[in-house]
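You are given structure tokens for the same protein chain in two forms, set apart as structure 1 and structure 2.
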Structure 1
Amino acid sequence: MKECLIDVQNAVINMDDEIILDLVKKCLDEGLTPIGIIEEGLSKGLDGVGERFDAGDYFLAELIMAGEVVTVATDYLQTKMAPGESGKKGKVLIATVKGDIHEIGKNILGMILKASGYEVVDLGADVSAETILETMKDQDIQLVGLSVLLTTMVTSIKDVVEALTEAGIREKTRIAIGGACCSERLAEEMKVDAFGESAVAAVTIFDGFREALAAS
């Protein structure tokens, strides 16, 4: 791994907003792509922050500060991405589920999906199943990405699935989940269509969803 990526990771872990942009620019100068910097630098830095939080070394304040560092970097990197033809692949609804207020991973996902040609409808955090259902019906959305970081909130995924089922539109939709507590096993338990291990992997997942829906 390039040293500049390790430096980016450490800047996130150390919540150093004064040097993050210089480090990101250095990575770009060395030929790395914006998405590569996000995946190998910023996202892995956030993983390190999460590990420290789990160990009790970091608290909510540190999570927020690290998130601000990542936001500064991703906002800049978005300006360096080759824009996709806006909305050419259709709409994706993204949201952090009811009871969970974490948005960093979801925001990175939204940025990458936009750069890949999707129109992203971002409902934010702590979003109810009812709001998700209403938005999908109002805007004719079939693709959904749900983010959940807190293990205690995974039942909110099930609430979304049940709401779509009761409304009679579940078979015409595809749902992917992602976040620190998510896994392939959880995706099976919650009866969703995919687990995205990373924001970059989500592009492949949603492209596959589009093909499957078109063929059905």
Structure 2
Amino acid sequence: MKECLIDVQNAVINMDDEIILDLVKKCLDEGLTPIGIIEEGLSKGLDGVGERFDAGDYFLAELIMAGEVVTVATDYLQTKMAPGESGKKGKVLIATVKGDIHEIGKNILGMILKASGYEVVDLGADVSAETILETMKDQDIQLVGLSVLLTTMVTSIKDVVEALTEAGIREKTRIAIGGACCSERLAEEMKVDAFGESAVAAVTIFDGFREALAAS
């Protein structure tokens, strides 16, 4: 692997927003493609951040900072891509469920997903099942991330699942949940496809969803 890509990875891991653009430009000068830089440099750097988060060495603050560093770099690389190239993994709809207006977790999820190459459609907080369904239909979205912090609002997740089922699109979609009161058990009870304990875990989950949907 070229040294400049390793430098990009390290800049992401070290959350160094001052040098990231110079490093990305250096990679381009050395003949690497924008998508190659995203996949081998930025994404691998984010993987490193995720490993540190899982190990308890990094926390939310570092995740957000690293996400910002990657976003700056990917926004720049988008301008250097050939027509038709996007480097995007597809759309993910994210929302805090009806009745809950806590947005921090959802915002962090959005930032990390965006940094990981997803186009994020953020509907905000206190979003009804109807609005989620409508947006998914209008924008042809299959992937959904629902955030809920309040123990009192978890059943709003079920409302979304039921709305998608009634509309006949549940089987073609994948839903992940996350937030302070969520768990594997809750995911099972709410009949969603996954529980993400962190924004880092969410990236792996949505990557898996994409593969599963592509294979189905």
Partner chain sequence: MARDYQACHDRVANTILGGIPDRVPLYFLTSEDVSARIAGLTIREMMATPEILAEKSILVNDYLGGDGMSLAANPYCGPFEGLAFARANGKPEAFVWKDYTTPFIREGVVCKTEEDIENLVIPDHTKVEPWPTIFKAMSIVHEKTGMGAGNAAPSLTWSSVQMLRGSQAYLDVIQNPDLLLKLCEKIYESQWDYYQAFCKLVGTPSHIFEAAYAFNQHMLSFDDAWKFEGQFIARFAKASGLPMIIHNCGFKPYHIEMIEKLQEEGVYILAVNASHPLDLDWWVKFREKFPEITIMGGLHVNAEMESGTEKDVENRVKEVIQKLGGDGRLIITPTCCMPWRVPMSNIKAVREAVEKYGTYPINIT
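If you're wondering where the values come from, they're calculated on a predicted model, not measured in any experiment. When a residue number appears, read it as a position in the sequence of structure 1, where counting begins at 1. So that the term is clear: the rigid core is the largest set of C-alpha atoms that superpose within 1.5 Å between two forms.
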- Structure identified as the form predicted on its own: 1
- Superposing on the rigid core, is the CA of Asp159 displaced by 2 Å or more between the two structures? no
- 2 Å or more on the CA of Ser198 between the two structures, with the rigid core superposed, yes or no? no
- After the core is matched up, is the C-alpha of Gly31 off by 2 Å or more between the two structures? yes
- Shift in angstrom of the Glu18 C-alpha between the two structures, rigid core held fixed, comes out at 19.8
